[in-house]
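Only one chain is shown below, in structure tokens, and it's the form predicted on its own.
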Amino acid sequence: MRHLKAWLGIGLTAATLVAAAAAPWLARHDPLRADFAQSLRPPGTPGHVLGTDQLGRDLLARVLHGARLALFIGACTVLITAVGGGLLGLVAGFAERWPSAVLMRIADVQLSFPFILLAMTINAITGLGLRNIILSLSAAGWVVYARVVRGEVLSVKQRDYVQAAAALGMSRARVLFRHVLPNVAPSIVVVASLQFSQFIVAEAAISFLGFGVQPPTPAWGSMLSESRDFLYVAWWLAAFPGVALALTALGVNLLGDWLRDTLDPKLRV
């Protein structure tokens, strides 16, 4: 029972990954192929386990392929923000003085804007599409990594082994990547695991509002948006993408909490 939260997070995340990877085999229908003769079929219809949407497209296929898209966007965004924000935080924490001050003022200004609103604004300026939504989420999310890593670096670089390495004549770059980075890496992993679900939900919200992935590409947010006109006659159009999004976000969040408890020694005292 003590590890129930961890196992639940691992199970939900693993189930989402397996379902996304095996989407072509779990759902044999083309998620983009319309069949108006089969439109709005309820769940349990022969050949359509989760039913069909207003265009007769198989809902199971669209939900599973939507999982692939959501995980791809989340993974790419986490990778970009973790590398970019982490490097900026390392430089700001190790250099101090004006680079650190400038970076933190930029971070403070960016944090004054709501995350989803900022990402949606950037995406509206750069244009719609998969690449631009990844870039807009990355531009809005790097600041968390930069601030966390900078704070960790300010603490780590005062420790004896770092001071000894500098006194032995090691270059600043070697001290930074050899002795400082390995000690702040767990914090980056924890932030990445917690941010992953945020990026997935943000992408769904932006697509729901029409600024993200555009139809007919199967994305959970756009599927929820399309289902609004059919809520009273076809509840399954909103239920299954919504449940998939909620369970994926829940699983990743629980997994992130477990990683934080595992990798942070202060929480084990």
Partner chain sequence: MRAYVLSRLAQTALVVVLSLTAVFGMVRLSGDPVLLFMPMDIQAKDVNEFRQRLGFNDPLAVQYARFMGGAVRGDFGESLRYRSDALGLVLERLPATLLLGGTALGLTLVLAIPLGVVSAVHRDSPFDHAATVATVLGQATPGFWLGLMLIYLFSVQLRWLPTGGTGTLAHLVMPSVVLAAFFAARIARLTRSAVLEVLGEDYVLTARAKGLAETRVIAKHALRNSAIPIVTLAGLEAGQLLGGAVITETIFAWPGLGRLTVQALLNRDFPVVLAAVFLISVMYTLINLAVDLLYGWLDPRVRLRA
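Because the structure is a prediction, the values reported are computed rather than measured. Positions refer to the first chain, counted from 1.
The same protein also exists as the form predicted together with the partner chain; that form is not shown, yet it is the one meant from here on.
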Open item on the list: Heavy atoms within 4.5 Å of the partner chain in the predicted complex: which stretch in 23 to 31, 45 to 53, 232 to 240, 60 to 68 meets that?
Closed with: 232 to 240
Task: the partner chain in the predicted complex reached by all of 5, 201 and 254, non-hydrogen atom within 4.5 Å - done: yes
Open item on the list: Between 116, 176, 144, 130, only one gets a heavy atom within 4.5 angstroms of the partner chain in the predicted complex; which residue is that?
Closed with: 116
Open item on the list: Just to be sure I understand the contacts: of 122, 91, 181, 134, which is the one whose heavy atoms reach within 4.5 angstroms of the partner chain in the predicted complex?
Closed with: 122
Open item on the list: Within 4.5 Å, heavy atoms only: does residue 250 come near the partner chain in the predicted complex?
Closed with: yes
TODO: Using a 4.5 Å heavy atom cut-off, state whether residue 185 contacts the partner chain in the predicted complex.
DONE: no
Open item on the list: in the predicted complex, does residue 167 come within 4.5 Å of the partner chain, counting heavy atoms only?
Closed with: no
TODO: State yes or no: in the predicted complex, is some non-hydrogen atom of residue 158 no more than 4.5 angstroms from a non-hydrogen atom of the partner chain?
DONE: no
Task: Heavy atom within 4.5 Å of the partner chain in the predicted complex - qualifying residues of 161 to 179 - done: none
